[in-house]
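First comes one chain, alone, set out as structure tokens in the form predicted alone.
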Amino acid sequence: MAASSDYVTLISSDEFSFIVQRSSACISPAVKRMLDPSNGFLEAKTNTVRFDNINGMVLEKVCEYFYYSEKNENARDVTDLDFPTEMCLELLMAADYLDI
């Protein structure tokens, strides 16, 4: 059983792993619930979250968004986060799943 860590591993459907700060990943209410030890999910014990419905390219952009959102939380006049237009639908589906 792994202790709570400052970092968590997010794994995509195609087995790409992204190690991100827990504070950034928890911007997503869904991820936050998964990593909360009081909920009893395996993810909280292993500090690893698997996304069987999100591929590596999309999960990479999601991780970028986590850091971007945390960095600019109270900022004004923030520039837009760039992402490829062809990923719009997949990013919207991931955002819906993650409640972000």
Partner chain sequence: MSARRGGNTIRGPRSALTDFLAANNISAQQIRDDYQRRRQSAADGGDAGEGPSNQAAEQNEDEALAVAAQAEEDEMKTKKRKRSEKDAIDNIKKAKSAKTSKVDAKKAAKKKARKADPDLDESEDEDYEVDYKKAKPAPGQFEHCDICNKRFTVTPYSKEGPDGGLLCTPCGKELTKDMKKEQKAQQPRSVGRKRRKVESERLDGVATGGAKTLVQLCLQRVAQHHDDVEELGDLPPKLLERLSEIFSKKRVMKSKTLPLFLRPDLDSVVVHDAAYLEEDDYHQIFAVVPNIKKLVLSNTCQMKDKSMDYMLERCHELRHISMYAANLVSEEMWYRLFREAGSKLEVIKLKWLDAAFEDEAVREMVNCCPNLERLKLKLCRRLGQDSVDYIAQLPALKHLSLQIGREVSNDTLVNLIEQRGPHLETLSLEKFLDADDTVLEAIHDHCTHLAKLRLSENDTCTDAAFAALFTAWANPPLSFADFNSTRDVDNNNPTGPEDEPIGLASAGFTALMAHSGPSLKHLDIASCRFIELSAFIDVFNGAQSYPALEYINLSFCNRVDTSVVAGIFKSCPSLKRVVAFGCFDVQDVVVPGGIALIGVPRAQDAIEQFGVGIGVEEAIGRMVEVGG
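Residue numbers count along the first chain shown, from 1. All values derive from a computational prediction rather than experimental measurement.
The protein also exists as the form predicted together with its partner chain; that form is not presented, and the subsequent description refers to it.
In the predicted complex, no residue of the candidate spot (Leu42, Met57 and Glu60) has a heavy atom lying within 4.5 Å of its partner chain. At the 4.5 Å threshold, heavy atoms of Asn53 stay clear of its partner chain in the predicted complex, well away from it. Under a 4.5 angstroms non-hydrogen atom cutoff, its partner chain in the predicted complex lacks Ile11 among its neighbouring residues.
Put simply, Phe83 is close to its partner chain in the predicted complex: some heavy atom of it is within 4.5 Å. Proximity of Ile19 to its partner chain in the predicted complex falls outside the 4.5 Å heavy atom cutoff. Contacts to its partner chain in the predicted complex (heavy atom within 4.5 Å) from stretch 25-46: none.
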